[in-house]
Ligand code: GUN
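Take a look at this single chain in structure tokens; it is the form predicted alone.
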Amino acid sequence: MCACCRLLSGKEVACDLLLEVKEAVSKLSGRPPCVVFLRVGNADASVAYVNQKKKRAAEVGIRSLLKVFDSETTTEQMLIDEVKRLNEDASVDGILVQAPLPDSMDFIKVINTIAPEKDVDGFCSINMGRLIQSEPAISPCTPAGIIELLKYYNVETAGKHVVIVNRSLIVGKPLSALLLRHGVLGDATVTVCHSRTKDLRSITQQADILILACGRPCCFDRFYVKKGAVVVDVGISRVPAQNERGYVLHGDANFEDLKGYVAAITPVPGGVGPMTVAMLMKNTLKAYHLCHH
């Protein structure tokens, strides 16, 4: 790594956040916070993601439950009915529906059934609406994690041009709202790009802070990035390789090409990923307080 290029590792930041959550949980009187994960089917990625979340929950003292539904026999209404039941369950503080759902189910319809105070992913329409209005809300984990990462490494956003290559509910839309807020880690000028953006390169080259989340491994090299920019790489793709696992993980940024060219860059893996899970634990603790007060 070039001396002039900082590595924005999320591991240390996530560790600090998890320790804060663990300490706060240990001071609670009564039962610990409880989050329920709902998974439909057994896709490898979904299984791995939920297992990682359950592991982190156990480490910080949060109780987690997993409910698995058969992808062939479970209907959208059955899943919604389970969410409604959990909304009324006073022993449950957080509800997370693991994406993706089968094509026969409407993810937005399902998550909008979650009570906003139990919506630890922060995706329901009420939490998203509050976020847009800069009102108190549970913020989506990945955007909130990116903000915490920038804060930890003292990356200023005020007056900076931030380009986000993603317009999804999970990353692009909520992150743009967070960066547009008044105050610390806000006040940015934000451009959101997507698959229909014309001449993408001319826009990404303007970015002081470039946030990538489009699933195009190693696509963004010096041809797309301004010298001295900060690059936050949210993308993660499995690229076939001749190794024991049969693949390697790559982000959207061409890390090797950029590491001596940009001011700072997140690694993949080990950058934004750990932050997402850490923020989920923080959101679960917040949901616990909302449900009890």
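Residue indices: 1-based, along the sequence shown. Just so it is clear, the structure is predicted and the values come from calculations on it, not from any experiment.
Keep in mind that the form predicted together with ligand GUN is not shown, yet the notes after this line are about it.
The single contact residue among 112, 176, 98, 74, judged by any heavy atom lying within 4.5 Å of ligand GUN in the predicted complex, is 98. The chain is drawn here without ligand GUN; in the predicted complex, the stretch among 187-195, 80-88, 120-128, 206-214 whose residues come within 4.5 Å of it by any heavy atom is 120-128. At a distance threshold of 4.5 angstroms between non-hydrogen atoms, residue 219 is out of contact with ligand GUN in the predicted complex.
Using a 4.5 angstroms limit between non-hydrogen atoms, residue 105 is distant from ligand GUN in the predicted complex. In the predicted complex, residue 170 approaches ligand GUN with a heavy atom inside 4.5 Å. Contact annotation for 8-44: no residue has a non-hydrogen atom within 4.5 angstroms of ligand GUN in the predicted complex.
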